[in-house]
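Before any questions on binding or motion, here is one chain by itself as structure tokens, the form predicted alone.
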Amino acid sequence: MSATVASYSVSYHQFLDREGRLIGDQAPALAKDYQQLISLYELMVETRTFDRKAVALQRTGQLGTYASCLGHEAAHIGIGSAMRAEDCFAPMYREYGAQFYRGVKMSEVLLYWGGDERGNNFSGPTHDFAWCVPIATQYLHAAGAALAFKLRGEKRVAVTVVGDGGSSKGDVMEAMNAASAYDLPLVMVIVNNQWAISVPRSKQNKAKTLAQKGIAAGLPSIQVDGNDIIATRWAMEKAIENARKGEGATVIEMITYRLSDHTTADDASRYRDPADVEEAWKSEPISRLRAYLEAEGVWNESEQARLDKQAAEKVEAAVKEYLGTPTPTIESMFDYMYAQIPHDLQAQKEAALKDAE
């Protein structure tokens, strides 16, 4: 005897095609909320301007290794803009657009990548987690925060992000399992940018989607076009609303492409076909949204020139603030780990101060 015990499907959602045209007649209200779309577009452009400058700072020795977010703007800003201030964000290390929306300053991002841990004491919600370079551990942090919200009876949601490569870590499945078992108010995003440093998506696993990892845990799981800000925002709003109502967690796979090197310590030209990158540029999120806004008659060249100037000035001000920040004092490396410093570290602190005299 044989029988089908259960069957599943993963739906894919897109509202703006790569030319910036609305698809079908089922687009959410955001598609006609031009004021909000323009606001999101402006932040996307500011984020890309910042990203370009940060890479230039690293190349000229004024910044440490930096993780670019080029091509991820719609995914990240869709995530951040759907959240409330009281929600908790557990990022990876390149979700700057989401963090800028939540109040993190550009200069603080630069401080962090400049090797100054004061950058992690960033503006915005103090309950958000710091940047997480260990791969996928932020999924567990977010699950823990979501469990705390549930135990306290708080109407708050935890949101976390991992890449396609990071989704292969056991931490991800553990977090998904906990979210399922405990009905946690948690949204878990997989930003599938096709590359885990030099390992392509095709060699990471043979699954048709990464979203189906959530199905294995018994969670609602979908795919969206990660270069479509309307789709990413729609998916996040729906998932966050469900979590806030007590309906549990959701897994969202956002399909995009990493247009940059993995970090400034990487050279993607050694393992990627230039033709693939060129093709990916045709689907990137900023030109797509701009084309839509122009076609709707709410954006033009004059507005673009104003925005480009405004973004450049904002980024330059952040760079000036970063470069003008006084160097941390020597004792600061000892002062923020323990409420009461252990005797061995106290001795090291005194020796370091003496050597600095």
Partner chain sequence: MAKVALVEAVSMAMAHALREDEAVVVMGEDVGINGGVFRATAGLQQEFGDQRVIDTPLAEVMIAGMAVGMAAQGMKPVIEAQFMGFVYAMVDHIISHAGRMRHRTRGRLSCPMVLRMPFGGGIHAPEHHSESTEAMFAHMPGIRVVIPSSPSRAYGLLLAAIRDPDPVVFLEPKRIYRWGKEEVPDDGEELPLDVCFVLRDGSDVTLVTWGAMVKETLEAADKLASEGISAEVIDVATISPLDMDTIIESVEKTGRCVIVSEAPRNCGVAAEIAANLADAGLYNLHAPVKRVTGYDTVMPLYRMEMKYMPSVKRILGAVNEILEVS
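Numbering follows the first chain given and starts at 1. As the structure is a prediction and not an experimental result, all values here were calculated from the model.
What comes next is about the form predicted in complex with its partner chain, which is not displayed.
A.B. asks: So, Leu147, Tyr338 and Pro342: all three within 4.5 Å of its partner chain in the predicted complex by heavy atoms, or not?
C.D. replies: So, yes: the whole triplet contacts its partner chain.
A.B. asks: So which of 273 to 281, 220 to 228, 204 to 212, 109 to 117 is the stretch with heavy atoms within 4.5 Å of its partner chain in the predicted complex?
C.D. replies: Looking at the other structure, the answer is 109 to 117.
A.B. asks: Quick one: does Pro134 come within 4.5 Å of its partner chain in the predicted complex, counting heavy atoms only?
C.D. replies: Contact with its partner chain, yes.
A.B. asks: Is Gly103 close enough to touch its partner chain in the predicted complex, meaning at least one heavy atom pair within 4.5 Å?
C.D. replies: No - in the predicted complex, heavy atoms of Gly103 and its partner chain never come within 4.5 Å of each other.
A.B. asks: Hey, in the predicted complex, does Thr126 get a heavy atom within 4.5 angstroms of its partner chain?
C.D. replies: Contact with its partner chain, yes.
A.B. asks: With a cut-off of 4.5 Å between heavy atoms, is Ala181 one of the residues that contacts its partner chain in the predicted complex?
C.D. replies: Looking in the predicted complex, residue contacts with its partner chain include Ala181, since a heavy atom lies within 4.5 Å.
A.B. asks: Using a 4.5 Å cut on heavy atoms, which of Gln194, Ser287, Asn121, Asn242 is close to its partner chain in the predicted complex?
C.D. replies: Comparing distances to its partner chain in the predicted complex, the residue within 4.5 Å is Asn121.
A.B. asks: Within 4.5 Å, heavy atoms only, which of Ile252, Ala143, Ala98, Val161 is in contact with its partner chain in the predicted complex?
C.D. replies: Partner contact (heavy atom, 4.5 Å) among the options: Ala143.
A.B. asks: Heavy atom within 4.5 Å of its partner chain in the predicted complex: which residues of 80 to 99 qualify?
C.D. replies: Just Cys88.
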